[in-house]
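For reference, the chain that follows is the form predicted on its own, supplied as structure tokens.
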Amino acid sequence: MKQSKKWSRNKIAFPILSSMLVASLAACGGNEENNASGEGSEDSITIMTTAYTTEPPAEDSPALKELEEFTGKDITMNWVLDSAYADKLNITLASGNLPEIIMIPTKLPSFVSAVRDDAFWELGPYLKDYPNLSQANEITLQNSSIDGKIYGIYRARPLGRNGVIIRKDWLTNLGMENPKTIDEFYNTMKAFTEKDPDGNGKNDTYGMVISKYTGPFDVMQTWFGAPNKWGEDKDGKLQPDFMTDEYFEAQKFFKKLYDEGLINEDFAVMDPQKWGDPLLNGQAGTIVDVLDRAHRAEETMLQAKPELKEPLDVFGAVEGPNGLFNLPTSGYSGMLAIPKASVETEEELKEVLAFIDKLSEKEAQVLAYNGVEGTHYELEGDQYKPLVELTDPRANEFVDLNQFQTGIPENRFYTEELTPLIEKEEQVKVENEEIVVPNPAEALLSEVYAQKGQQLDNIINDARIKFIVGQIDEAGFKEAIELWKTSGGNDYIEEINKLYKEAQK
């Protein structure tokens, strides 16, 4: 890794921060340009990204040196601790001294403003030309886009991560299998509540635990065919999920679970931090959440009760009246953007994209996630064996190099041998990708929602809870929808449809 050089021959200052902040940059940033910026050339590249360790890989890191050799680039790193990244990013964008690659953690207003000021390359038209990037997931691309266009290469995370975690041993005790349909799911919840699934002779179990975190309801309503936040009506216009018949059928199902005591009575006030406790202590038999919660929960359960035998299992979804559906995650955590200030020509852009594409090759991924063979890990046949613990200072020679990895189209680094439950989790995540429901408005940035979103969300969330617990009926829920409309919802719908139409041009 080389000393930082000047990042940009043509500086662009983005009018996105306050004049006070820009003034402070002038006052305190005199050495910033010399110390943290770099002059681009064909065989060098500068990257700004997060660090989660206080001592990220230094310029003499053997893993970084091998990564440079593999990619054919002298890599200059500008590491920023994750806790300070958002502030540092805003300052960097305002300064105009930008690296060739800059990690954008979320769609920050400063980045969106810079994109709309034509300060970053639109990358979508180029992805097809690269063997790895061309395999990017279309839903995740849409989720990470701005105004319907791609301005960053997303850092992949499991799109199909949501699912159901269930007491496998309880099912076995009751002679049952994982439910396949909504009706079977209901019957399982009823059996977990009424048929003594743990065999202790006590009436001390129930079907599923819910907290005031609304995620499980959001996931399960897709089983009924409800859209993901927004869906097209019969005229092709977008409407909110809660205006569909499928959404309301799901709410009636949730009310049935509540009325019959198949979920916890206190769900509306339960602290999400304590949400998993009833699963761990043997009260609840099911939880709908991210699938990888299962193996962590099982480890905790086995520590408390070693006599348990494979207590948990997972599956993605159950089939509803319209088929098999699930709610996706966003599918990414940040993205790698390329500024026009430091990458000035299309030829230079293609070089940077080729570098990012090459980072997905197995050799580059192994260096970023596992380090150098013989130094940080060894292979015994096909079995990966780490030689350093993450607490070992030598781990700092490669940890954090994955912060500019995309993982497109897949992870290719080594992992330790997986338990059967973790293998099942990974299998279901992949299977889920075939049934997830995209949100057609995910990439649309609404000014109305920015101003009134919290108020609008609260109206519907409160009405949903009140309906489930019986404080309002269907007419009351429809009254809440009318309140939502007159509180800015109609303007929100109009704006989203205008943006949707423009993005399709």
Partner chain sequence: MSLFKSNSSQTELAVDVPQAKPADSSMKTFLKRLKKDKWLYLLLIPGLLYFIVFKYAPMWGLIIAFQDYSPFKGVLGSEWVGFDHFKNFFQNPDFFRLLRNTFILAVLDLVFFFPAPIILALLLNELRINLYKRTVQTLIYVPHFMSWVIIASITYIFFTTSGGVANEIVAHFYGKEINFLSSPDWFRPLIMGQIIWKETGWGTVIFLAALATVDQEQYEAAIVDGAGRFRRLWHVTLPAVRSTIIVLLILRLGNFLDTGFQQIFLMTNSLNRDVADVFDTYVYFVGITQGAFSYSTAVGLFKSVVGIILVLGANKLAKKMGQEGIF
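Residue numbers count along the first chain shown, from 1. Since the model is a prediction, treat every value here as computed from it, not as a measurement.
Missing here is the form predicted in complex with the partner chain; even so, the following discussion is about that form.
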| query | finding |
| --- | --- |
| Contact residue in the model of the complex, chosen from Leu93, Ile101, Ala317, Leu291 - any heavy atom within 4.5 Å of the partner chain | Leu93 |
| Proximity to the partner chain in the model of the complex, single hit among Glu265, Asp382, Glu434, Glu417 (heavy atom within 4.5 Å) | Glu265 |
| The partner chain contact at Lys202 in the model of the complex, heavy atom, 4.5 Å | no |
| In the model of the complex, Lys65 touching the partner chain (heavy atom, 4.5 Å) | no |
| The partner chain contact at Leu133 in the model of the complex, heavy atom, 4.5 Å | no |
| Exercise: Met270 in contact with the partner chain in the model of the complex, heavy atom 4.5 Å | yes |
| Options 187-195, 235-243, 112-120, 135-143; stretch whose heavy atom lies within 4.5 Å of the partner chain in the model of the complex | 112-120 |
| The partner chain in the model of the complex - contacting residues of 394-432, heavy atom within 4.5 Å | none |
